[in-house]
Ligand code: NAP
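Coming up is one lone chain in structure tokens, specifically the form predicted alone.
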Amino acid sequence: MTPLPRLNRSLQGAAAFITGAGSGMGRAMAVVFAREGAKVAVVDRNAEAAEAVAEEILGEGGIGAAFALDLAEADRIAPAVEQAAGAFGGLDVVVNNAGISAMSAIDADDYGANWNRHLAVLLTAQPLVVRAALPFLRRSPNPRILNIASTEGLGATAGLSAYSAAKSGVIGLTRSLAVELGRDGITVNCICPGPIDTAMTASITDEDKAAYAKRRTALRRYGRPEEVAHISLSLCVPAASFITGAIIPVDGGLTVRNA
């Protein structure tokens, strides 16, 4: 019998560019990836938060560097990607994780500004990051792109139409890029987190969270950032070489529960 090959599930030596890495799911991804040997570019619009996460990684004996970047400033994206690639000698993994969320009814006075900001940060920035990273990914032995969408891209909540539209766009972008970049051996996948305990949900009371989770999710609880980080890791290791175009809910069963 032919021995079963041992596939590599380590990111040792790989360079990862993670946006929105100063807190929440992004911070968890940065730390988890670093623990698995990756050199991590901790990218966040909050420079102090990015520095804190980079220091956390260094304190654990990993390799991390902070990069301040507001993804709404499109002309700053390519220089930041190039700077990170220069610091680490290339890029192997890109995680488009940065997120914002604000409610605005379709007839609200601030709807136009809300729409523009959401589309800029949540959707338009993602292909700009990918375009800047492509020359480096094409030279990588195990190139990975992971886009973070949301279950709001699979369903909808009143008042979040800008957010939902952007996240739906991320899902479509992922599928299209998976087809386009497959010839280069670059995998492109998407995670759709459901209710996760992060700063974005911090304003919701524990009682309301518990009630929502029991009503909507199969596991009847909110998820933790590190749970999203570990499925993210699994999609970015060298062994995940035949998974592309996948849209994976990490939602405690929210999208499959009817009642």
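In this text, residue numbers run from 1 along the sequence as written. Values in this document were obtained by computation on a predicted structure and should not be read as measured data.
Not on display, but discussed next: the form predicted in complex with the ligand.
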{"property": "Exercise: Arg175 in contact with the ligand in the model of the complex, heavy atom 4.5 Å", "result": "no"}
{"property": "Contact of Pro143 with the ligand in the model of the complex (heavy atom, 4.5 Å)", "result": "no"}
{"property": "Any non-hydrogen atom of Leu58 within 4.5 angstroms of the ligand in the model of the complex", "result": "no"}
{"property": "Arg45: touches the ligand in the model of the complex, heavy atom cutoff 4.5 angstroms", "result": "yes"}
{"property": "Proximity to the ligand in the model of the complex (heavy atom, within 4.5 Å), stretch among 193-201, 30-38, 213-221, 58-66", "result": "193-201"}
{"property": "Non-hydrogen atom within 4.5 angstroms of the ligand in the model of the complex for each of Leu123, Ser232 and Pro249", "result": "no"}
{"property": "Partner-contacting position among Ile100, Leu154, Leu128, Ala87 - heavy atom within 4.5 Å of the ligand in the model of the complex", "result": "Ile100"}
{"property": "Of Val81, Val188, Ile148, Val93, the one that lies within 4.5 Å of the ligand in the model of the complex (heavy atoms)", "result": "Ile148"}
{"property": "Sequence-ordered residues of 7-37 touching the ligand in the model of the complex, heavy atom within 4.5 Å", "result": "Gly20, Gly22, Ser23, Gly24, Met25, Gly26"}
